[in-house]
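Here's a solo chain for you in structure tokens, the form predicted on its own.
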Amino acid sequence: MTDRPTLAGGATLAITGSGGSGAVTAGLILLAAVGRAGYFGLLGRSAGPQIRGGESAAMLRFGLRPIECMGDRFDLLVGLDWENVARFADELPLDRDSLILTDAQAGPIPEILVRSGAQVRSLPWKALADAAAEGRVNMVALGMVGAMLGLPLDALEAGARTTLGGKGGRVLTPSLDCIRSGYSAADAVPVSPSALAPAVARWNISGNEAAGLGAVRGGVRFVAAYPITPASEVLEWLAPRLELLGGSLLQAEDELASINMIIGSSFGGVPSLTATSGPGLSLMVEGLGLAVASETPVVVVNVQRGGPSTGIPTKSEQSDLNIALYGLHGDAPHLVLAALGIRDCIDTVEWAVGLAERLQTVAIVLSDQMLGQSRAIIDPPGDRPFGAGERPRLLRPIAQDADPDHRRYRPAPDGVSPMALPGLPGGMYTAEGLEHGAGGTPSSRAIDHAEQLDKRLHKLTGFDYGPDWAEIRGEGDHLLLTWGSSAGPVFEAAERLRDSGTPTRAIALRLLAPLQRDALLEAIGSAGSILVVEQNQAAQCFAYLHSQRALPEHARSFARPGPLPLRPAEIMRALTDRDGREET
């Protein structure tokens, strides 16, 4: 097969199988191997809601440039078996130029995949696995696919050691044997060394791990949380690392306890964070109101999933924007940020921690399943993640000396009054959810209520957030506007449109509240065609921007729910075809 996709030209493939077949493990090894060979890559995963068994798939894209989203189609589909694959066949777009690799012993290919017109090639994976001691079909297939892509065998072996090393020799040794067996049996055309990228030191990281790294870089030293899909890996990554830094993570009995625990920790002066998903965020909103009223900084990383209610725990959707913006009762101004990619999870969470501390408020960071549970090969992050030049670290204003006239909530020019920590002589004050006067004593007087409402609002709207509120790429009269994880496919769609002769800009919002309306309107300028792209049914961001008078009347919406990921080609069609079904 001489016209196969190769690493040098970029490749997109999926590995599918039933639960326990090792499809995701094979994908993780392949991603690690690609990173070892010096390439960029992105791995997403798809699974059903079953606790055990069910269907699973690893979806990978590799290339010489950073990969920010999956492509429009798959070059290769590696079918380890076909059990339950029809449940997510619509997540595996194939065409006549695609190739399905399988073993005849795996059974007939489902009709829904055959109808794509993809070519089919049968390979002897099971026979080779049966010939080896403790043979593994997924590892034989991995060896063959690696050879067909032109990946060096030593990179595959290194990927296996990285991924399986913790399982000991009883797993690693037969896996390596099967990888070698599959590699040597592949009838692939050898790739010359000059076709391979130079090996460089890059990171292999998931969005959830990146969010945890951003938290500790921002200064978080206490986390309380209740595990929930798809946010649990944030907690798993943080637990041992916080301990090394002198901090701690506590698994609370539920989300109500976790939000109150981090409020208490922050009241004591320790930057604190929790991670959850939509159902957990719903339980936290009363506690978040307490943090806003008492001006106690806390950060919530909300890894969104399909909703409402329990929804689709293992699939991605951007449908928690409304609760993040409006879920707190009363006038409760707070920060809402959205990570724009796996790499950006580091930067956005770090920034959110700093902003929450500096402004003594709540920061909700929106990630989602696609970002959180996908892995990417990225360049190592720098020390200064945002903007141009030096940006001083954002720290909480702390009262340092006893003040006989200390009033915790005294109005200040920037709205932020120094916070006395427990134990400071003369620094005692009441911190609770009741409205209060400047000293913290509960008050129902209209003048106190108005003064504190203005204070809590002004400190957010009057702050200079600099250029980090959005990422803007490209030039042109056409404009794609988005937020969060939709940034990846939007950036690629805009680049493709520019390359095809349609000058297109892309704006991805990182800071959603308080909305930087004037900066956004300036960035929009006189754009003739504007499309707001997001992954939810109700066009939540589109409606929000209109409510803030931040969009021209001719702006249009392209919004559709998950679990299917947004793809660059459909965004391109939506911008150029006003009759697109998804537009509103």
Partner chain sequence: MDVAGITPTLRAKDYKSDVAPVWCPGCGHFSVLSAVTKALAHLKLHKERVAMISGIGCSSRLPAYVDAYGFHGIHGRALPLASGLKAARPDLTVIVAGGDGDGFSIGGNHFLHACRRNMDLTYIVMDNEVYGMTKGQASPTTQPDWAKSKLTPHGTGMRPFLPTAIALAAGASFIARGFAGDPNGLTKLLVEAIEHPGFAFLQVLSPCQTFRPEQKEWKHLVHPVETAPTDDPVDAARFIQADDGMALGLFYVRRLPVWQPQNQPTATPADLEREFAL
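Numbering follows the first chain given and starts at 1. These figures come from a predicted structure and were not determined experimentally.
Although it is not shown, the form predicted in complex with the partner chain is what the next lines describe.
A.B. asks: Using a 4.5 Å heavy atom cut-off, which residue among Thr502, Ser248, Gln119, Gln105 comes into contact with the partner chain in the model of the complex?
C.D. replies: That would be Ser248.
A.B. asks: Report the residue, out of Arg498, Arg473, Arg180, Arg221, that has at least one non-hydrogen atom within 4.5 angstroms of the partner chain in the model of the complex.
C.D. replies: Of the listed residues, the single hit is Arg221.
A.B. asks: The partner chain is absent from this chain, but in the model of the complex, do Gly48, Leu164 and Val171 each have a non-hydrogen atom within 4.5 Å of it?
C.D. replies: No, none of Gly48, Leu164 and Val171 comes within 4.5 Å of the partner chain in the model of the complex.
A.B. asks: Examine Arg396 and determine whether its closest non-hydrogen atom to the partner chain in the model of the complex is within 4.5 angstroms.
C.D. replies: Taking the distances in the model of the complex, the answer for Arg396 is no, it never comes within 4.5 Å of the partner chain.
A.B. asks: With a 4.5 Å heavy atom cut-off, would you call Pro230 a contact of the partner chain in the model of the complex?
C.D. replies: Taking the distances in the model of the complex, the answer for Pro230 is no, it never comes within 4.5 Å of the partner chain.
A.B. asks: Verify the contact flag for Ala155: yes if a non-hydrogen atom of it lies within 4.5 Å of a non-hydrogen atom of the partner chain in the model of the complex, no if not.
C.D. replies: Contact with the partner chain, no.
A.B. asks: Is Asp414 close enough to touch the partner chain in the model of the complex, meaning at least one heavy atom pair within 4.5 Å?
C.D. replies: No.
A.B. asks: Report the stretch among 89-97, 356-364, 475-483, 210-218 that approaches the partner chain in the model of the complex to within 4.5 Å, counting heavy atoms only.
C.D. replies: Only one stretch qualifies here: 210-218.
A.B. asks: If we check the partner chain in the model of the complex, which of the residues in 424-449 reach within 4.5 angstroms of it by a non-hydrogen atom?
C.D. replies: Stretch hits, in order: Leu424, Pro425, Gly427, Met428, Tyr429, Thr430, Ala431, Glu432, Gly433, Leu434, Thr441, Pro442.
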